[in-house]
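Before any questions on how it binds or moves, here is one chain, the form predicted alone, in structure tokens.
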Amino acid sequence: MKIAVIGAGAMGSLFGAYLAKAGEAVTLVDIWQEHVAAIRDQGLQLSEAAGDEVVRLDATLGTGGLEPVDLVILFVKSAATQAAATDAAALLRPGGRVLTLQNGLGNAEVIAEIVGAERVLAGTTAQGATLLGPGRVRHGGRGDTHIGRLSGEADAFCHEVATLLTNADLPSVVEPDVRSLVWGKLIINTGINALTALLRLRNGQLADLTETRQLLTLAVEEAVLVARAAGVHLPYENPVEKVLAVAIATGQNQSSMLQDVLRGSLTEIAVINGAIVQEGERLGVATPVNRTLTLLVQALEKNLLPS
């Protein structure tokens, strides 16, 4: 299968590296010139607990000139989803699909408006990664990837993508309820991302302190009330235990939001904790904890970003 990964940050680079190691024809697409140049010149350095290795794969600054592909995997930040989906639409072969494994609510729907809902696969991944610098990524934690179709039941293509990822040592499962998947990952991010960004902690450190456990619990329980009001059936029984388990399993990983803060970049707080606040307002559910976390991160962004 011919694959393009649009958004070669930590997770895009990780998935691209593993797919390339498995022998798939994969190209990373990103706008960071130094990162793309480093991958082209030296390969992608993949750091694992067992040691480092260099993975050779294609990388480019844009989709112009690329041959049509069967699958586009989107890992861009939510603010770039519309532009990335437009690029993906022009890049897909007839019958090709877009798979979004992005954080937050609403990305799949934005993509569907451009490529058609029937061509969208959506899902979540518990893999963890940190971008260490141009051409360097660290694999910070392992976990399953769950995918499904945005519209209609899982078909042969959906199962083929799950098998392809699993064969690339990215264990993947096909799920029938995409909405449940997205909300399940949203609540995990709600409990981890803002706290790690504000406190400058790695994921696993959230489980070490009584105070951070309490804050995580309050944010998650509030988000669960919103999910229930929205009629969402979550893909796990005990949300707080699930979020803590993910934090521990990806213990050495820096959350994507912490990485954004450390780079002085805009975060995705608006589509994570901010999405809980917005949905809470729509459904009449109070969300003071998530509103506070959202405002704190937004204030931090304004302090860090150049004026």
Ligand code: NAD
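Residues carry their position along the shown sequence, with the first being 1. Only the largest set of C-alpha atoms that superpose within 1.5 Å between the two forms is called the rigid core. What you see is a predicted model, and the numbers here were worked out from it, not measured in a lab.
A second form of this protein, the form predicted together with the ligand, is not displayed here; the remarks below concern that form.
Although the partner is absent from the chain shown here, A8, Q102 and K185 each have a heavy atom within 4.5 Å of the ligand in the model of the complex.
In summary, the region of this chain contacting the ligand in the model of the complex, judged by heavy atoms within 4.5 Å and restricted to 121 to 129, 151 to 159, 198 to 206, 89 to 97, corresponds to 121 to 129. The closest non-hydrogen atom of A84 lies within 4.5 Å of the ligand in the model of the complex. Put simply, A80 is close to the ligand in the model of the complex: some heavy atom of it is within 4.5 Å. Looking at I31, you'd find a heavy atom of it within 4.5 angstroms of the ligand in the model of the complex. Using a 4.5 Å cutoff between non-hydrogen atoms, E268 counts as a contact of the ligand in the model of the complex. V76 is the sole member of V76, V178, L215, L170 with a non-hydrogen atom within 4.5 Å of the ligand in the model of the complex.
With the core superposed, T250 shows a C-alpha displacement of at least 2 Å between this form and the one not shown.
Comparing the forms between this form and the one not shown on their rigid core, the Cα displacement of N203 reaches 2 Å or more.
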